[in-house]
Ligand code: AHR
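Given next, in structure tokens, is a single chain: the form predicted alone.
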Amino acid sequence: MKRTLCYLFFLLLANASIAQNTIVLGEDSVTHKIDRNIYGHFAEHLGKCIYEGFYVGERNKKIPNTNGVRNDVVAALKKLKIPNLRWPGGCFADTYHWKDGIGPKDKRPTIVNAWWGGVTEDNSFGTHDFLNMCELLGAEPYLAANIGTGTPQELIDWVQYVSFAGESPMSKLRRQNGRDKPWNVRFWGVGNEAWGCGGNMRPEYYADEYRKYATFMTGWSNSNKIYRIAAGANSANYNWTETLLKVIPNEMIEGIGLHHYAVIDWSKKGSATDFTEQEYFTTMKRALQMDEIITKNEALMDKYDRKQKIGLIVDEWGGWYEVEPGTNPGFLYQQNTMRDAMIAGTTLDIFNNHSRRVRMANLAQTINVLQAVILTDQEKMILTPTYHVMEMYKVHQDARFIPITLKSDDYVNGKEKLPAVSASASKDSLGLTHISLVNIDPNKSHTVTIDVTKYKLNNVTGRLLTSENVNDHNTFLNPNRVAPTVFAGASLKANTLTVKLPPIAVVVLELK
């Protein structure tokens, strides 16, 4: 009897240790798509993002370039299929005067970047350079306008300069500067972080400022279909969101922003590479808070915008740590590890699953700043773990959203716990179903069973991004330490797909 009880006890323990992660794919009847613009990027005049990152100058003979823009960067970003690029900031936007960056480069005034390092910039990279680069990348430009130190007239002139095809003083000036055809810029941010570096405004004050600028940008009808994005809240500041929705009429706004960073502690952010498991856990806790923040913003938007006209635009997100030792503190240069891959995968899953409202997002930032997808050093360039996640997830761009029901085991750290697994799914125009999965647990693998009863599937392939340690990252000496490989841990039997996720892993499956 005792032996039988002991056997049953150990059997219960064994069953308790078996992963209970389950996913059920919902009906293939959802009408909305995962907007490709969710996979957007951000390029601010900050550190070595623009200068030495994107732009090395037309006279540079050591680094192959097209009109000063690095060819290797263009090729890498085109592989990502980046849909849009936000510029010139960030905090920099509300001190930037666009007319300083047009015309002959040797006649452009220099400026001091007071926000980021106090460096002097020569304005050699301006409106033409950015918009032509976007054409080169096949990405839509997203211009962040200056309402902090600018004027409505300055913004009106910029809109006409880049988008007006007829005869006007601004279109004439554009042609004098070498561009006949307008770029027809659709996305416009009306200021940036108005609650902070954009002017320390109260939400009521900013809402009135927004109404003024938005009126003169388009006229009453918005006939040229400009997509105006209000400077949104900082993380969980729901009062900011609700005030804007109350004060700004629906017909005057197309998008409302949101910024949220995964930060351990703003006063002590911790190292980008030399971090403990507790610091890793805290970072992931902050990153996963994105789901709650979006859910509560969606509820407010549904209250004031029942027709779902207004999009939620998460135009700054990512991990933020201390700068690398020996670098300028104002340049925000940090390395990029498997921790960042976990942030990227889980965040993109959150965006996909909230794609009814989330219409655009911009990872901060593209090159050499914060959670970058590319790092450069003179003629060298490396791709980060975050780059590889974005490249793997590009299959979701403009694909039809598939709702999922997910039950996840816990990643336990002391007395705290987080869901170990995140996931999202979509079906593309070719009829291929893609499921992305992330296991943030650094200590053990997790087996996931996926019910695909509603789908007639008979073949599964996959790609995997993982590494031995969560601190692992690519360097200029070892650029391929972290890179995607073929995933062989999925099996499809009858209507059940079984997936064994290694620790700290991102997997994207393709089913047909």
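Note that the coordinates shown come from a computational prediction; the quantities given were computed from them, not determined experimentally. The first residue of the shown sequence is 1; numbering continues from there.
This next part talks about the form predicted in complex with alpha-L-arabinofuranose, which is not shown.
- Proximity of D291, M342 and I350 to alpha-L-arabinofuranose in the predicted complex is absent: no residue of the three has a non-hydrogen atom within 4.5 angstroms.
- The candidate stretches are 128-136, 415-423, 434-442, 87-95, and the one lying within 4.5 Å of alpha-L-arabinofuranose in the predicted complex by heavy atoms is 87-95.
- None of I253, L258, A262, L332 but one reaches within 4.5 angstroms of alpha-L-arabinofuranose in the predicted complex through a heavy atom, and that residue is L332.
- A heavy atom within 4.5 Å of alpha-L-arabinofuranose in the predicted complex is found for one listed residue only; from F187, Y161, W116, Y393, this is W116.
- alpha-L-arabinofuranose is not drawn, but in the predicted complex it has a heavy atom within 4.5 Å of W320.
- Among residues of the shown chain, L46 is one whose heavy atoms approach alpha-L-arabinofuranose to within 4.5 Å in the predicted complex.
- Interface residue remark: L244 is not counted as part of the site for alpha-L-arabinofuranose in the predicted complex, having no heavy atom within 4.5 Å.
- Though the partner is left out of this view, L370 does reach within 4.5 Å of alpha-L-arabinofuranose in the predicted complex, counting heavy atoms only.
- Contacts between stretch 350-368 and alpha-L-arabinofuranose, counted in the predicted complex as any heavy atom lying within 4.5 Å, involve A364, Q365, listed in sequence order.
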